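One chain is shown next in C-alpha cells, namely the form predicted alone.
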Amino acid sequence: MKYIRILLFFAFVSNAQIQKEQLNLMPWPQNINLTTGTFALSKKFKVNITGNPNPRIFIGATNFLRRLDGRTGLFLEQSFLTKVNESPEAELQINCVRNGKIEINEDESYKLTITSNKITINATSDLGALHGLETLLQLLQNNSTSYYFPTVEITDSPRFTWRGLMIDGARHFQPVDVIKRNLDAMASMKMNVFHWHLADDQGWRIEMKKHPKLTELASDGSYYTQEEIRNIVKYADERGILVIPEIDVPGHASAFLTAYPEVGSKVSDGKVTYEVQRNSGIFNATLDPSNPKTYQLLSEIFDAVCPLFPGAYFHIGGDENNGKEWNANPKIQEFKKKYNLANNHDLQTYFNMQLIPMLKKHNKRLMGWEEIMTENMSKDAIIHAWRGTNEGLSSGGSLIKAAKSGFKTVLSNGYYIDLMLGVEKHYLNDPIPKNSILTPEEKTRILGGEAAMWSELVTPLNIDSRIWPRTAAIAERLWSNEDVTDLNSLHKRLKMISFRLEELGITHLRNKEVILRNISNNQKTAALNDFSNVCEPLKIYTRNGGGKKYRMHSPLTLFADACTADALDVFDFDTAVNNYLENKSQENQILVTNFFKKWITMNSDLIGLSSNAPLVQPLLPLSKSLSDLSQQLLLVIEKKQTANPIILNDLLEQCNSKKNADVELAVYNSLKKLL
C-alpha cells in the first residue's frame, strides 16, 4: 500500500508540473497562464450551456463530448446537448453572450479557465465558444491510468479575420465526404473560410436546373446537386465556417463554353466549338465581353447559384486570361475602340464591372484573383493575391499594392500547398511582411490568408495528405501572434496534431498505406514506407511540367502520391547531422549512422519486392544511390576510412536526381553537409 501511495504521489506531481513547451496547442493561443493543478476526468463529466447562442453550439458541444469519449474510453454519461441550461451542475460551463454570425470581422474570442473542479468557457459569441472547445480538447493529458486537464487560464482571439482553405473541385471532383471531413479539420484549427472552386477548364460542378447543359456536357457526370451544396453550407455553418463559391470567368472557361460556345470569343469559319480540357495548364477559352448574351447568361447563373450561399462574398476568379481569343476577334477589337478600352486589362475590368450589380442584387461582394486589380476596378472588390517569385514577381507584392490602393485583400501567395513545399515555407510567410511600410489603415485592409489546394494532381485518395498537416501551420500563422515562429516547437506539435486529425476522418495517414499496398502488389510495405519517409514529390509543378504528363484521368496511385511535402525522417535526420557536426560524440554518431544502416537494408528489401511488383522498379535507381552513399559514409564515420572525394561527390549528385518516380530525395541537403 505504501508503494502504491508513492506511485500515486509521483503521478500527481508529474501531472502538476506540465510546462507550456509540453502542450500541443495549435494555433498557439494569445495568452496562456498555466498553474500547478489538474482537473481529473471521469465518466460523470458533463457540459452545460448558458446565454443566448446559436443552436450550432449544441452540435459543437455534443461533438466535443463524442471526441473526448473516443479518446478516453470513459463511457461519458451525457448524450446529446439540445437546449440552454439543461445541466446546471455540469463541470464544464459554456457561456455565450449572443448568436454568432457567419461573417468576416465577427467576434471569435474566448476565455478558457480550468480549475481543479470546474472548467468555464466564456465567449461573446458561440463561434468563440467553439474555438474554446477545440483548445480544451488539445489540452487533454494522461498518465498511465487516467486522463486530466492541466489547470490554466487562456484568453485568445485571432490575429486575422480571414483564415481560409480553398479546395478545387473542378480539376478533380472531390465528393461531399471529402469536403465535410476537411471542414471538420478546418474547424479544429480555428479556420473560418472555405473557398470552393467550382468551375474551370476541366469541369463545371454545380447542378443548374435551368441550364442543364452545363452538367450534361461539361461535368463528366461528377457535380454537386443543389441539395448537396445546401447541405455542405449548413454543415460548414454549424462549424463556424463561411463558404465562398468560385465560378472562374472570363478565362478558365473551357467547360462553361463547351455547353455555351455562343458566348465564347473564338473566331471560326464554321460552327464554334469548345471541349472540356483533360490536361492542366492555361487555355485560350474566354467569354466574350462584347456579347450581351454573355451577361444575360451569367446573370441567370448568378441568380441560381447565389441563393445557395448565404455569405456576403462571391469569387469570380478573373485570373490567367491570356487574351489570345480577344486579340484575334475583330468584333471584340471594335468593341474596345468604341468604349475607349486601351488594352485587355481595361476590357476585363469592363467585364468585371458588369458582374458587380448582378452580385449586389443578391447582397454579394465581388472577389477575384489579383488580375482584377486595375485602376478603374471598384474599390468594393476584394483582391485575392496569389502571384509571387514563381511568377517572376516580388513575394507578397500584390497584397501590399492592393492594400495601398484602397482594396481589401487576402493572401494566398506563399500558401499554395499544391506546390509541395515544406511546411516552413508556409509557416514563416506572414500576411504582413516585417519590411512592409503600411499605415494602420492599410494594414486593416489585409484581411488574412487562404491555403490553396489546386487539384490537378489530387483525387479523394490523396488530397488530405496534400492539405494536412501543413495547413495547420498556415492556420497558426493566421491566428497566432506574429512572433510565434519557433520551428522546433512547430514540428513537435504538428506530430500530435497530425495524429489527432484522424479522429475527424482525415485520411492523410491511413491512405498512404493504401497506396503503398498497391505499389507493393500486396506484399510487405515496410521498405516502401521507409523510402517514402525520405522522398518528397517533385515541387513547384515540375512533376507535371507544362501540364502535359498527367491528364485528368491519369493514375494518381503511384509512389509520388504516397510521399508528402514534409517527409517524416527529413527533419530528424537533419537534426542528427547538425548535432553530429557540432559534437562528434559516440551518441551523436550512432544517431546518424542508424539512418545509413536503415537505408542500406531498405534498398535490399526494395530489390526483393520488385521481383513481384513492377511499380517498385522506378524507385530502385534513387534507392540504390542512397544506399551506395550510405555505405561509403559508414566507412568514413564508423571505420574512419578515407574515401575518394570524387566518388563521394558523384554518389551525392546521384542522390540529387529528379528523374525517377517523380520524387526527390529530401535528405540531399543534409547528406551534403556531411561531405
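So that there is no doubt, residue numbering starts at 1 and follows the sequence shown. Values in this document were obtained by computation on a predicted structure and should not be read as measured data.
Omitted from view is the form predicted together with a further copy of the same chain, to which the following refers.
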property: Output flag, 147, 509 and 620 jointly within 4.5 Å of a further copy of the same chain in the predicted bound form, heavy atom basis; result: yes
property: 4.5 Å heavy atom contact, residue 106 and a further copy of the same chain in the predicted bound form; result: no
property: is_contact(residue 514, a further copy of the same chain) in the predicted bound form, heavy atom dist at most 4.5 Å; result: yes
property: Distance check, residue 628 to a further copy of the same chain in the predicted bound form, heavy atom within 4.5 Å; result: no
property: Non-hydrogen atom contact residue 604 with a further copy of the same chain in the predicted bound form at 4.5 angstroms; result: no
property: Contact stretch among 410 to 418, 279 to 287, 527 to 535, 219 to 227 - heavy atom within 4.5 Å of a further copy of the same chain in the predicted bound form; result: 219 to 227
property: In the predicted bound form, the one of 143, 95, 155, 138 near a further copy of the same chain [non-hydrogen atom within 4.5 angstroms]; result: 143
property: Option touching a further copy of the same chain, based on a heavy atom within 4.5 Å in the predicted bound form, out of 42, 644, 36, 611; result: 611
property: Residues in 517 to 551 with any heavy atom within 4.5 Å of a further copy of the same chain in the predicted bound form; result: 517, 518, 521, 522, 549, 550, 551
